[in-house]
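Only one chain is given next, in structure tokens, and it is the form predicted alone.
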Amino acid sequence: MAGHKEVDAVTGVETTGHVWDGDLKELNKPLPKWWLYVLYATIVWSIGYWVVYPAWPLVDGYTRGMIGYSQRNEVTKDIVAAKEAQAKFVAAIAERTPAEIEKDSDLMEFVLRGGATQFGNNCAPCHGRGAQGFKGYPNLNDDDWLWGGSIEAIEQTIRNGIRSGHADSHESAMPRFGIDQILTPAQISDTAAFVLSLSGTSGDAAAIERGKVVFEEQCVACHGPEGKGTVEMGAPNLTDGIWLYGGQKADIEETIRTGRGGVMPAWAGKLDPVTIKMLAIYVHALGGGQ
């Protein structure tokens, strides 16, 4: 009936007249006044925000707001301020040798923090966040360095790369003994057995002896008569049990067969000299290096 008001017997609140499932009634219970006031205040605040700050997109831009605020300009200012604050450190890094930098605790802290950031941005995708490396990507925490582990040697490697096409890149090419049919599959298997024996892995004595003959004929020129490798050639030490592409016999056979030949990019031109020096010092400080 029009004008009839029903009050719920349980809650004492007036109903709206809407009923579901025969006996489920909707209460006419308005929102609390404080909640409504907060809602009205946020509406007023939003209108003020639209007027004061950039807010609405337009066909060829956006509303600029009364104060002309620009987040892009604020970020630009922050970057300029950060560079100004870092300028003295950057200049010192450019002028000093790694040994001199290591003696300055404040400068060294700046280098390590900056080097860690740059490593995460540029090197971690291949070497891992902890520089632990992966199959085909060297672990930078150990003392096994194909091209030398001094800070200067690491800096050169970062700057010029390995087989990168840069004019001063480290270059080495292990023959593809299997693909180019220099060795037979049997000879490759025997050589792999001998190579494993150099790091203390036992195997078939006859195969090891045959592989030794092949090694002396084909591999000594780069890896040396004892298999300890040569930095000048970028040839790895085969006696320490550290393997870039895996240390199982099948892995070594594949390396002999294909020659592998990974590539590291040259960072010269992509990173400035100061950043490259910071990276070299950071990588050396990880615990490996020589």
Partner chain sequence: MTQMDPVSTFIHEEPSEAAPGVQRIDVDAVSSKERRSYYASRQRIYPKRARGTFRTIKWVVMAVTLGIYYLLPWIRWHRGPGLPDQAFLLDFANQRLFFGPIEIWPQELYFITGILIISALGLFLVTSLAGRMWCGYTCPQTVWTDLMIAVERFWQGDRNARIRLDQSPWTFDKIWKKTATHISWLLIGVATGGVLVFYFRDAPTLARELMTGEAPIVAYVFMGIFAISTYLLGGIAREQVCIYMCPWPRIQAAMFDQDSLLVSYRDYRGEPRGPHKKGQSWLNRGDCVDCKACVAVCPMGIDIRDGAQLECIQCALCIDACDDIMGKVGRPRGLIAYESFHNMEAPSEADRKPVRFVRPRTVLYSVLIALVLGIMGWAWVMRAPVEISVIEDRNPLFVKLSDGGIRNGYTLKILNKTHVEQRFSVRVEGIAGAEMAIVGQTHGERDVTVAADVVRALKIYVSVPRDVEAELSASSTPVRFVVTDATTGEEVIRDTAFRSPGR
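Take the two forms, superpose them, and find the largest set of C-alpha atoms that agree within 1.5 Å; that set is the rigid core. Numbering follows the first chain given and starts at 1. Worth saying up front: this structure is predicted, and the values here are computed from it rather than measured.
From this point on, the text means the form predicted together with its partner chain, which you will not see here.
- Not one of 63, 249 and 257 places a heavy atom within 4.5 Å of its partner chain in the predicted complex.
- Proximity to its partner chain in the predicted complex, taken as heavy atoms within 4.5 Å, picks out 139-147 from the listed stretches 160-168, 202-210, 139-147, 177-185.
- Contact with its partner chain in the predicted complex, judged by any heavy atom within 4.5 Å, is made by just one of 48, 262, 225, 30: 30.
- At a distance threshold of 4.5 angstroms between non-hydrogen atoms, residue 231 is out of contact with its partner chain in the predicted complex.
- In the predicted complex, no heavy atom of residue 235 sits within 4.5 Å of its partner chain.
- Contact annotation: residue 269 falls outside 4.5 Å of its partner chain in the predicted complex, judged by heavy atom distances.
- Although the partner is absent here, residue 244 sits far enough away that none of its heavy atoms falls within 4.5 Å of its partner chain in the predicted complex.
- Residues of 6-45 lying near its partner chain in the predicted complex, listed in sequence order, are 11, 12, 13, 14, 16, 18, 28, 29, 30, 31, 32, 33, 34, 35, 36, the criterion being any heavy atom within 4.5 Å.
- With the core held fixed, the Cα of residue 242 is displaced between the shown form and the other one by less than 2 Å.
- After superposition on the rigid core, the Cα atom of residue 28 is displaced by 2 Å or more between the shown form and the other one.
- Relative to the superposed core, residue 270 undergoes a Cα shift smaller than 2 Å between the shown form and the other one.
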